[in-house]
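Next up: a single chain in structure tokens, the form predicted alone.
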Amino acid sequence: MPDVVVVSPIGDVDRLEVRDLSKSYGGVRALHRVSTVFRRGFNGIVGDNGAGKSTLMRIISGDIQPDTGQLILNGKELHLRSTADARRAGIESLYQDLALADTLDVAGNMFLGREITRNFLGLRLLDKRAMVRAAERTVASVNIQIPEVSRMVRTLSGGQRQAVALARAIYFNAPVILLDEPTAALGPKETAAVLGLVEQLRANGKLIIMVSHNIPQILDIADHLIVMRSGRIVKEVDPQSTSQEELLGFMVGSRT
């Protein structure tokens, strides 16, 4: 796989701590006093539907705010009001509903909110040519074929959309990457390409958090696993010392 293209690094992240996070929607409690530490490497989150996985990820991404609790990145508390705040802190989110804007092309998506500009007679103008060149170089590094960076994102396949979102995280050298079911709608070839790129990001020292329902897959690739049920973390396990059956038991409550 080609080397990834990056800009100046935001900085390394050794740990991301969530402390006593709670979130309710009306009378429904989605998260209840969730606390854990995500460390550099591959952190997996598993749980049945309604376990609170996506709510936790959306809080870390800045998409929603918790009712109570804290996010602490490398020892410093974060106050995230939006996904743009999270990106400025070095947290990139790859969600099907958050990652991309369908009405923009590939280059526009990569630089959305962080456009390259140039000075012209004292005015700051968008440098579309520079963004296209940077997008072409970076997209070429993700090992999933995208015809051209002027293509509208809504016309791309699932794997190509994931490639664009990963290319954005790579270009801005995000130290923390959130993946919510990144291979759920992909075929075997695209799944292998996305997971290969994620493995390269881990080798480059990124802190990766991934939600997945694919238990065999996440057991195979995770360094650390968190099991959620009914809005709580019920177990934290070493993937090397557990099994698929045991993990499913923690998820449904037949093991403690």
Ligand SMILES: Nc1ncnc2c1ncn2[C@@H]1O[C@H](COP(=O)(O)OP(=O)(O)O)[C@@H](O)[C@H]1O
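Just so it is clear, the structure is predicted and the values come from calculations on it, not from any experiment. From 1 onward, residues are counted along the sequence shown.
Absent from the display: the form predicted together with the ligand. The rest refers to it.
Q: With the ligand left out here, work out from 32-40, 189-197, 54-62, 217-225 which stretch has heavy atoms within 4.5 Å of it in the model of the complex.
A: Answer to the contact question: 54-62.
Q) Could you tell me if Ala203 has a non-hydrogen atom within 4.5 Å of the ligand in the model of the complex? A) Although the ligand is absent here, Ala203 would stay clear of it in the model of the complex, with no heavy atoms inside 4.5 Å.
Q.
I'd like to know whether Asp48 contacts the ligand in the model of the complex, with contact meaning heavy atoms within 4.5 angstroms.
A. Asp48: contacts the ligand in the model of the complex.
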